[in-house]
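Single chain ahead, written as structure tokens, the form predicted alone.
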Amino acid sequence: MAVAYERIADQLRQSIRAGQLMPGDRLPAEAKLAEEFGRSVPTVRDALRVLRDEGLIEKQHGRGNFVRRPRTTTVRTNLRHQWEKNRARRSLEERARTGATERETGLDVDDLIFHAAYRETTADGDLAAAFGLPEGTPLLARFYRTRCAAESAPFSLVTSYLVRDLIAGNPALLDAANEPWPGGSQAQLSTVGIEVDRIEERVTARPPTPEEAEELELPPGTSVLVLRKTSIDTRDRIVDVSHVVLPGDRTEMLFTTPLERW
């Protein structure tokens, strides 16, 4: 049998889902809700905590509790890689028209805000093993954040590592000012004669770090999906290792595997 705070949470939840409380609406004050439901303020607070943990409401400091606006959902499919490879050889105009984020969210390029930052670094033990190169090998670390202009949290936290010597032939690839690069990473690599042959992705789930939870604006208790993407070129070299942190409350992973016919 549901306890008092669960019954309060359920009634508020039904009001939200029925549209009686709309995204952006402020809920009545805790004392007002306590009076309305005939319960104590601590009981109401427990009910509101449940709804915050579910991501249905959010507490804004000094203002109260508000119905949370739905975040844009991302459907990330493994077919994106062939799509990006096909685009790498198309015209600049066509590549600039849209990108992978638009494809996965259904948004237009004008709906998005993109940020990139580069930093030169060297391979630690983990990255050296991933690339099959000695520790200390010069790398270029690239940090990407893309968000919907109407929202404040990015769709993902992306860190990509390239072997500096492999891309140094095109100085434009070392400058974050050239981002967003039409066509993405595969188009960038193609400018120095690198063709990606295959991509390996490993996906795990875990609780977010405090920094990840804050940047992605995750409801309490929400896990993240951690994707490690390894790109291998036609010469069997590992040319890109990326770490992608995806919010578990608004990311769907869709895998389609074509099967050979008998």
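Superpose the two forms; the largest set of C-alphas matching within 1.5 Å is the rigid core. Quantities reported herein were computed from a predicted structural model and do not represent experimental measurements. One rule holds for the numbers: they count along the sequence shown, beginning at 1.
Keep in mind that the form predicted in complex with the DNA is missing from the display, and what follows is about it.
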item	value
Partner proximity in the predicted complex: Thr230 to the DNA, non-hydrogen atom cutoff 4.5 Å	no
4.5 angstroms heavy atom contact with the DNA in the predicted complex for Pro42	yes
Arg202 within 4.5 Å of the DNA in the predicted complex, heavy atoms	no
Close approach of Arg26 to the DNA in the predicted complex, 4.5 Å, heavy atom	yes
Interface segment, criterion being heavy atoms within 4.5 Å of the DNA in the predicted complex, picked from 230 to 238, 205 to 213, 29 to 37, 189 to 197	29 to 37
Any residue of 41 to 65 that, in the predicted complex, places a heavy atom within 4.5 Å of the DNA	Pro42, Thr43, Arg45, Lys59, Gln60, His61, Gly62, Arg63, Gly64, Asn65
Core-aligned C-alpha movement of Asp233 between this form and the one not shown, 2 Å or more	no
Core-aligned CA displacement of Thr204 at least 2 Å between this form and the one not shown	no
Core-superposed comparison between this form and the one not shown, Ala9 Cα displacement 2 Å or beyond	yes
Direction of the Cα shift between Arg52 and Pro207 in the predicted complex, where the change is 3 Å or more	closer
Pairwise C-alpha change, Leu112 versus Glu58, in the predicted complex against this form - closer or farther, 3 angstroms or more	farther
